[in-house]
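Shown here is one chain on its own, the form predicted alone, set out as structure tokens.
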Amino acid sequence: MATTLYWAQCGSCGGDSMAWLCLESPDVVELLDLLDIEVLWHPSLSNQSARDHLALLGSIAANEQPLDILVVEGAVLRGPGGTGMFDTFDGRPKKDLIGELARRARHVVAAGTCASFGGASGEAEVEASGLQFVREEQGGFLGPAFRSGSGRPVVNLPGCPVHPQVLAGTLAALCQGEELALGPYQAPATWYGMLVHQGCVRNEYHEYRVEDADFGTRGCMFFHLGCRGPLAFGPCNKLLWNRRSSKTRVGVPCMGCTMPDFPRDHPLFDTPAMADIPLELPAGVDRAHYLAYKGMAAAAAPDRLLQRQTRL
């Protein structure tokens, strides 16, 4: 029997859908066929009439149509004043629809940072919320105690957008009943258990504190250009985009888009620092020891790094 999937778009740019549609090897159609997934609704793939769509939702709500996987893209908008009327569907708050579908679904997946943590929608202005988090705090729209029909909490797949292979791998695990170990923010450890820094081609520059102060040169972007690679957990240098690239590979700082605090309140391409050491350091790193270590490392930097001769 096919696995049924409903994809709901809330307060979002649609980027997670667009990224997923760019999946390669297998492509989206091949993936759905391989996993025997029946897409009940997707805003970019479905062609049902509005009447048929409403009938589908009615049958899901009445428990006549099984719903195995609910994928939510975008933040749940609860404003103004908790009414949800900033984002409506068929004349009613879309948040109510999401609540109904989540209660019927065997698995609930948050696709992207907005659905996971509230993201860029601006919680204060539109009361945006992730499904089970608001930024770093657990709770969110569905509440901390929510569990889907499988007994799992919401599976968060943060990223702006989420990498299509992460979404494909998660769907495969859910369809095949495989164990899916989740980390502290309910994201699969397989893809979110490593730092973006791990696998970065600029790692050696970081170790010897050979710093980039401007774009277009070879060096570490953590110290001056706002790179969050040593702080953010995500697969960006493990699963390359278009199978060939990542931000740091092309000289753009990691923006930490997989983290609950994305986007930050200060400029993306600036590193807040004290005594020339970033205010934010990797988990478990002591500031005094880091300062001493980086001072010694900088003094020992090989000439080939100082002369930016290492190939990226």
Partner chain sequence: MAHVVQIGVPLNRVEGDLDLRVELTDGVVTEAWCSGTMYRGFERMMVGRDALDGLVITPRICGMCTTAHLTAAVTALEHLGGITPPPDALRLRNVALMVEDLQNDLRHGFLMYAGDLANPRWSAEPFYPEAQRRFAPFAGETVIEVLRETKHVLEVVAILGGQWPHSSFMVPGGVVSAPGSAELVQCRLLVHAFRQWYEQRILGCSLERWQDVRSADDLDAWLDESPHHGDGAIGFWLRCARAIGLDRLGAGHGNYLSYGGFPVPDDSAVRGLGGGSSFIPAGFASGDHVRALDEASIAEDIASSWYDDGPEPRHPSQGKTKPYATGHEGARYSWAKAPRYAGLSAETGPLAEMVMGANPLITDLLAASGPSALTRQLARLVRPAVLLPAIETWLAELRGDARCYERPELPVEGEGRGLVAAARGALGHWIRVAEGRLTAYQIITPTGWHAGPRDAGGQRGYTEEALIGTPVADPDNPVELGHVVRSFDHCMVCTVHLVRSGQRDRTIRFGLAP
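Numbering follows the first chain given and starts at 1. Because the structure is predicted, anything quoted here is derived from the model rather than measured.
The discussion below concerns the form predicted in complex with the partner chain, not included here.
Engineer: I need the one stretch from 186-194, 149-157, 172-180, 77-85 whose residues put non-hydrogen atoms within 4.5 angstroms of the partner chain in the predicted bound form.
Structural biologist: Single hit among the candidates: 77-85.
Engineer: Give a yes/no on whether Glu24 approaches the partner chain to within 4.5 Å in the predicted bound form, heavy atoms considered.
Structural biologist: Glu24: contacts the partner chain in the predicted bound form.
Engineer: Using heavy atoms and a 4.5 Å limit, would one call Pro272 a contact residue for the partner chain in the predicted bound form?
Structural biologist: Result no; Pro272 lies far from the partner chain in the predicted bound form.
Engineer: Considering non-hydrogen atoms and a 4.5 Å limit, does the partner chain approach Cys13 in the predicted bound form?
Structural biologist: Cys13: yes, in contact with the partner chain in the predicted bound form.
Engineer: Might Gly251 be said to contact the partner chain in the predicted bound form, defining contact as any heavy atom within 4.5 Å?
Structural biologist: Answer yes; at least one heavy atom of Gly251 falls within 4.5 Å of the partner chain in the predicted bound form.
Engineer: Could you tell me if all three of Ser46, Glu125 and Arg244 have a heavy atom no more than 4.5 Å from the partner chain in the predicted bound form?
Structural biologist: Yes, the whole candidate spot contacts the partner chain.
Engineer: Just give me the single entry in Ala283, Leu279, Leu34, Ala50 that has a non-hydrogen atom within 4.5 angstroms of the partner chain in the predicted bound form.
Structural biologist: That would be Ala50.
Engineer: Would you give me the residues of 80-102 that have any heavy atom within 4.5 Å of the partner chain in the predicted bound form, in order from first to last?
Structural biologist: Read in sequence order, the residues that approach the partner chain (within 4.5 Å, in the predicted bound form) are Pro80, Met85, Phe86, Asp87, Thr88, Phe89, Asp90, Gly91, Arg92, Lys94, Leu97, Glu100.
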